[in-house]
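This document starts with one chain, in the form predicted alone, laid out as structure tokens.
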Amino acid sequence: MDRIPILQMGKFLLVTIQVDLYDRLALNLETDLAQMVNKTGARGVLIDISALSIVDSFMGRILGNIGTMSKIMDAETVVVGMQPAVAITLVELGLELRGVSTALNVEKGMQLLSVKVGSFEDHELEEDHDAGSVE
């Protein structure tokens, strides 16, 4: 059975889609990502779709589902590398990709994830530090 590799980078999961996605592969990716977020406690999921020249309504729905499921599991999702034709197609299909943020490339996507997740953790660290200074 074919699988898309999911790499862990600290508190983030990185998925680079380098092949055309058929329905079964997309569904496997959706399931595998939910399991990996649960298993690793990842706070962010970055999906690189720069190699895809076509995203149909099914794949658009899968990306939206991944974003929604990740959000429910306390992880942010960022899709990067979207080709202009893919963006046009998604708009024409009326797909909103709820729960998914987008960035131009992997570097900007990682920065966006760090801002979304890091600011909360920084706040937690400050609270822990403040609580520790009372002792």
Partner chain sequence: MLVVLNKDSMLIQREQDVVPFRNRVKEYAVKIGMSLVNQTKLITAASELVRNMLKYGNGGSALIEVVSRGRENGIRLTFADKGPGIKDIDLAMKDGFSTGKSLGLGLPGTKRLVSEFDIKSIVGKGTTVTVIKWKNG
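What you are looking at is a predicted structure, and each value in this text was computed from that prediction instead of being measured. Numbering follows the first chain given and starts at 1.
Below, we turn to the form predicted together with its partner chain, even though it does not appear here.
**Student:** Would Lys71 sit within 4.5 Å of its partner chain in the model of the complex, counting heavy atoms only?
**Tutor:** Answer no; every heavy atom of Lys71 is more than 4.5 Å from its partner chain in the model of the complex.
**Student:** Going by a heavy atom distance of 4.5 Å, is Gly41 a contact of its partner chain in the model of the complex?
**Tutor:** Gly41: no contact with its partner chain in the model of the complex.
**Student:** Against its partner chain in the model of the complex, would Arg61 count as a contact residue? Criterion: heavy atoms within 4.5 Å.
**Tutor:** Because a heavy atom of Arg61 falls inside 4.5 Å of its partner chain in the model of the complex, the answer is yes.
**Student:** Would you classify Glu30 as touching its partner chain in the model of the complex, given a 4.5 Å non-hydrogen atom cut-off?
**Tutor:** Outside the cut-off, so no.
**Student:** Between Ala103, Val55, Ile49, Ala34, only one gets a heavy atom within 4.5 angstroms of its partner chain in the model of the complex; which residue is that?
**Tutor:** By the 4.5 Å criterion, the partner-contacting residue is Val55.
**Student:** Pick from 22 to 30, 41 to 49, 106 to 114, 74 to 82: which stretch has non-hydrogen atoms within 4.5 Å of its partner chain in the model of the complex?
**Tutor:** Stretch 22 to 30 is the one.
**Student:** Can you tell me which bits of 76 to 100 touch its partner chain in the model of the complex, meaning any heavy atom within 4.5 Å?
**Tutor:** The stretch 76 to 100, when checked against its partner chain in the model of the complex, contributes Ala85, Val86, Ile88, Thr89, Glu92, Leu93, Gly94, Leu95 at the 4.5 Å heavy-atom cut-off.
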